[in-house]
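Read the single chain below, which is given as C-alpha cells and is the form predicted alone.
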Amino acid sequence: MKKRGVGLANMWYGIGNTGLPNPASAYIELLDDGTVIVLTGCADIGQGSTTTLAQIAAEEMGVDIEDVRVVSADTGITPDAGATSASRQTYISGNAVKMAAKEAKTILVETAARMLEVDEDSLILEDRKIVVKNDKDKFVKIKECLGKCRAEGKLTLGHGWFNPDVTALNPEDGQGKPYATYAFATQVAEVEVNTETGEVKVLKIFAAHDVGKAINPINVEGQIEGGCMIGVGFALMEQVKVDKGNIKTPNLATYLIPTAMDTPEIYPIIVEDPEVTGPFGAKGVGEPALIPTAAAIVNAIYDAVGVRITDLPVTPEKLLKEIKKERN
C-alpha cells in the first residue's frame, strides 16, 4: 500500500562566520571606454557569485552588465574576500564591490557636475549616462565624462571593504552578536511511502526563502532547487559508512546521491524583505536552501505512516523495520 504525507519545516541561519571578523575587499577601475574591471578574491564555485557581483557593480556604476569584467579568486592579483562558505559572499563581497564602485564613480560625478553646471547630489548614473535626477533630458554620457577626466589627468579607481558588525560570544553565558544578518525559510514536502517495501518518493517540495533582495532571481531559484536536492540526498540516501577508520563508501557506486530520476517537483518561492546592511538589500541563500528539506521530508513520512525516524538517512530497510514494529 502507498500512503502520502505532508511535512513542514522552518529554519533560520546566520550569514557569515560565527562571531568572528570575516571581511572582504574589492577593487574597481573604470576604463576609458566605459568598461568596468572588478577585482575580487571571491571564489565562484558554482553559486553564481561572479554574475551577482557584476550586476552589483553595473547597478552602482550605471552601466550594462556587458560592460563589467570580473577578475576573481586569483591570489596573485585580487584582494582578499575570505572563504566561499557560510553563505557570505553575496552579502559581504557584494557590499565590498558596491563600496568600491561608489568610490570609483566619485571623480566621475564631480567632473560631470562641473560639465552640467549642477550640484553633485543632483546626479545619478544610469544607462551609461550621468543624468540630472529631476531633468532626465540633461545628461552627459559616461564615456564623454571619462574623456574629460583623462584630459585633466584623473583616474577613476575605487576600493571597498566590508566586515559584518558582529561580536564574539561570551564563553561564560554564550551571549553576543554572532551574525549581522540571518536568512529565514519554510519548506513543505509531500512524500509517498510504500508500506510494503519502505521506499519513500518525494513528490513535491515548496520552498519559501527570505533572501533580502534577489539580485538575480533565476540564480536564486537555481540555488533553492539545488539545495532542496542536497536535502533529499541527506534525508533518504547519503551515508558515509566507516569500519575501524576505513571508509566503506568511497565512490558514487557505494555512496548514493539523488539523480534526475529522484528529483521531485520543486517550487522555489522568493521572499524579499530587504536587509538594510546588504548590497541593495541582499543576503545569502546558499546553505539555507538545504537546511529545512530533510526535516520536512521526515515530518512528511511521519504524517504518512505514523513512524518517527530520528536517524538519517531514512533507508527502505530502516523505515520498513519501524513500520512493522508500529504494526505489532
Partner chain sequence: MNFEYYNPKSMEELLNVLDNLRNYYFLAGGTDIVVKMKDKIVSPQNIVDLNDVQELKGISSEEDHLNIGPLATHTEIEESDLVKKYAYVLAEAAAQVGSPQIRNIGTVGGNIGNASPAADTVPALLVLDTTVQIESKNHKEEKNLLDIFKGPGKTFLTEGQVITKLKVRSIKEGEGAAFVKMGKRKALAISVINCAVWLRVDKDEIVEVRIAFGSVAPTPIRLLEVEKWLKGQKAEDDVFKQAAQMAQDAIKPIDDIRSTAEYRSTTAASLVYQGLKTALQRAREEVGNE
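Residue numbers count along the first chain shown, from 1. Just so we're clear, the structure is a prediction, and the values are computed from it rather than from any experiment.
The following text describes the form predicted together with its partner chain, which does not appear among the structures shown.
Tell me, out of T106, N163, S122, T197, which residue has a non-hydrogen atom within 4.5 angstroms of its partner chain in the predicted complex. None of the others qualify; the residue that does is T197.
Within 4.5 Å, heavy atoms only, which of M237, V132, V140, M99 is in contact with its partner chain in the predicted complex? Among M237, V132, V140, M99, a heavy atom within 4.5 Å of its partner chain in the predicted complex occurs only for M237.
Check, residue by residue, if D262, E317 and K321 all come within 4.5 Å of its partner chain in the predicted complex, counting heavy atoms only. Judged in the predicted complex, D262, E317 and K321 all sit within 4.5 Å of its partner chain.
Non-hydrogen atom contact K241 with its partner chain in the predicted complex at 4.5 angstroms: Yes, K241 is a contact residue.
Can any non-hydrogen atom of K201 be found within 4.5 angstroms of its partner chain in the predicted complex? K201: yes, in contact with its partner chain in the predicted complex.
Are any of the heavy atoms in A151 no more than 4.5 Å from a heavy atom of its partner chain in the predicted complex? Result no; A151 lies far from its partner chain in the predicted complex.
4.5 angstroms heavy atom contact with its partner chain in the predicted complex for L155: Close contact is absent here: in the predicted complex, L155 is far from its partner chain, nothing within 4.5 Å, heavy atoms only.
Name the stretch: of 155-163, 114-122, 142-150, 248-256, exactly one has residues whose heavy atoms fall within 4.5 Å of its partner chain in the predicted complex. It is 248-256 that comes within 4.5 Å of the partner.
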